[in-house]
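Structure 1 and structure 2 below are the same protein chain in two forms, each given by itself as C-alpha cells.
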Structure 1
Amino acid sequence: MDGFVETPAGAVPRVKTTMTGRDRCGTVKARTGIARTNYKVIPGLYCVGTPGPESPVIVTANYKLSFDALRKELAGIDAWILVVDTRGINVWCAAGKGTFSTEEVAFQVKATHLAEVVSHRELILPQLAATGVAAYELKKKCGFRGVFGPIQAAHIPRFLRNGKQADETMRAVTFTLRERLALVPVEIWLLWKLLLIVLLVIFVLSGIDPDVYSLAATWTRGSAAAVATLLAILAGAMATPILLPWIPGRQFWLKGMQVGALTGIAAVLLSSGRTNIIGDLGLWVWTVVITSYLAMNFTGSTPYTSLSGVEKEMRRGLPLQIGGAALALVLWVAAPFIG
C-alpha cells in the first residue's frame, strides 16, 4: 500500500510498483507450493501512480502472483487496477474454470462503482482471460467494453504507448527454459505427502523374502527402490520440463517414458549388488512409469496442449502407467523367490 486516491466513489487504495522482501518471500512460497492455495488479494479497485478519470483500467485476477506481476510493470504509469475474484487462481486457469468470467468482471465493475471513477467505458483485459470473458457481452452487462491486452504483463507499458494495439510479439505465448523452471519447484513440492506413503510401502514390500520377512532386506532392497523413486521424480518433474523441446514426440507421457528409460538404467546401476536381475527389471520398469506419470502431469502447466489434448493423453498413458506400476511391484516382490 502507498496511500489512497480520492474519487467520487470513495478512496481507492494505491499500491506500490516495487516488490518488498515480504512480496519476494511470498512469491517463493507460492512457487514451491507453500500456502499457494491462499495467496490472494481482496477483489476490488486499486490504482498505481495518480490516475484520473481518463486513466486506463486494467483487469487482473486476485491471485497475488498475477497481481504482483502486473503492478511491478506499471512503474511511472497512472492506472486503475480492477481485481476480479478468481478464488486465488491465476488468469489462465481461472478463465478455464469459469471464475474469471464475463459475469465476474461485470460484478466487480458495479461493486466498485467504476462508472463514477472513470469517464471512459473501457476495460483492458488479459488476453489469457479470453476463454472466460466474452467482450461483446461485457458491455451489455455493465456498460464497459472489453479490449484484450497482451499476454504478458511486461508488455502492458508498450501496449499503452501503442494506442492499445497489440503486435505479434504481444500475442505470442512463450514457454522458455526460465518459464519451465519456474514451475518445477511446485511440481516437486506437491509430491511430498504421496512420496512418504509410497516410500513406506516400498520399504515394507522390500523385506518380503523366502524366510517370510527380513529386516536386512527391508533396508538393502528398500533403499535401492527409494533411490530409484527419487531419481524418477527428478527425471519426470525436472529433467523432462528442462529438455521438453528436444525430447521426441508430442505426448508428455511418451516423452517421460524416454527420459525414464535412461534414468532407469542409472537406477539399476546404482542398485548394483542389492538385488538380482528380476529386481533390476522391476526397478527399471518402476522408474520408467513414475517418470512418465510425472511428465504427463506437467502437461497441465504448459501452453502445449488443450484440455481435450490432456484428456486424450491420459486415456492413452494412464493404462500403461498403471499396468507398468503393477508389473514393477510384482517383479520386485517376486525377485527374492526367483533369484
Structure 2
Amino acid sequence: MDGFVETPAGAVPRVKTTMTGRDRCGTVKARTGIARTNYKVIPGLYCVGTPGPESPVIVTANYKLSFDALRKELAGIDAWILVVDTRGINVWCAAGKGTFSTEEVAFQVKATHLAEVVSHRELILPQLAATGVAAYELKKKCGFRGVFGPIQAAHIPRFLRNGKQADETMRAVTFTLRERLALVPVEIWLLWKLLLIVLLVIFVLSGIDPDVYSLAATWTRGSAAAVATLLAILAGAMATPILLPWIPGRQFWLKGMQVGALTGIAAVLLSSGRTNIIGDLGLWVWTVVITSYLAMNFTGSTPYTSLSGVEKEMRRGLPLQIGGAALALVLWVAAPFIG
C-alpha cells in the first residue's frame, strides 16, 4: 500500500511496484507449501503510479502470488488493476475451475464502478484467463470489451508500448528450468502426510522375521526401505521435473520408470548388508514404482499435458505401479525367510 488515488467512484488504493521483505517471505511460504492456500488479496480496484481516466485497466486473480507477479512488473507505469475473486487461486487454474469467469469479471467491473473511474471501455485480461473468460461476452455483460494481454506479467510493459499488440513470444506458454524448479517444493510438501503413513507401515513390516518379530530388523531393514522411499520421492518429485525435457519418452510414468530404475540402484547400494538379494530386488522394484507414480502425478503441474492424455497413460501405468508395489512388499516381507 502506498496511499490512495481519488476518483469519482471513491479512493482507490495505490500499491507499490516493489516487493518488501514480508512479500518475499509470503512468496517463500506459498511456494514451499507451508502457507500455500489462503494467500489472498481482497478483490476490487487498485492502481499503480498516478493513473487517470485514460489509463489502462489490467485484470488479475486475487492470489497474492499472481497480484505480486503483476505489480512488480509495473514500475513507472500508470495503470488500474482490477482484482477479481478467484478464491485465492492463480489465473490459469481459476480459469480452468471456472472461478475466473466472464460473470466474475463483469461483476467486479460493476461492483467497483469502473465506468466512473475510466473514460474508455477496455479491460486487459491475462491470456491464460481465456479458458474461463469469453471476451466476446464481456461487452454485453458489463459494457467493457476484453483484450487479451500477454501470458506473463513481465511482458506487460512491452505490450503497452506496442499499442497493446502481443507478439508470438508473449502468447506462447513456456516451461523453463526455473519454472519447473519453482514447483518442486510444493510437489514434495504435499506428500508429507502420505509419507508418514507409508514409513510407519514400512518400519512395521520390516520387523517381521523367522523369530516372529525383530525390533533390530525394524530399524536395520526399516531404515533401508525408508531411504529407498525418500530417494524415490526425490527422484519422482524433483529429479524428473528438473530433467523432464531430457528424459526419453513422452508418457510421464515411463519417464519416471527410467529415473526410478537408476535411483533404485542407488537405494540398493545404500542398503548394503541390511538385506539379502530378495530384499534388494524388493527395494529396487519399490523405488521404480514410487518414482514412476510421482512422475506421473507431476502431469497435473505441467502446462502441456492434456487431461485425456493423462487418463490414457494412467490406464497403462497405474496397474503396473500397483502390481509393482505389491510385488515389492511381498519380496520385502519374504526376504528374511528365504536365503
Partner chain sequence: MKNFRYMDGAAILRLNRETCVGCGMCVTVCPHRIFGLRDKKAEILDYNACMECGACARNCPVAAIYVNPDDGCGCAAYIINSWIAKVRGSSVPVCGC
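Bear in mind the structure is a predicted one, so any value in this text is a computation, not a measurement. Note that the rigid core is defined as the largest set of C-alphas that superpose within 1.5 Å between two forms. Throughout, residue numbering runs from 1 along the sequence of structure 1.
Participant: Since only one of the two is the form predicted on its own, can you say which one?
Facilitator: Note: form predicted on its own is structure 1; the other is not.
Participant: Is it true that Ala69 shifts between the two structures by 2 Å or more at the Cα, once the core is aligned?
Facilitator: Ala69 C-alpha, core-superposed: shift of less than 2 Å.
Participant: Would you say Arg22 moves between the two structures, meaning its CA shifts by 2 Å or more once the core is fitted?
Facilitator: Where the cores coincide, Arg22 shows only a C-alpha shift between the two structures that is less than 2 Å.
Participant: Give the rigid core superposed Cα shift of Arg315 between the two structures, in Å, rounded to one decimal.
Facilitator: Looking at the C-alpha of Arg315 between the two structures, the offset is 2.4 Å.
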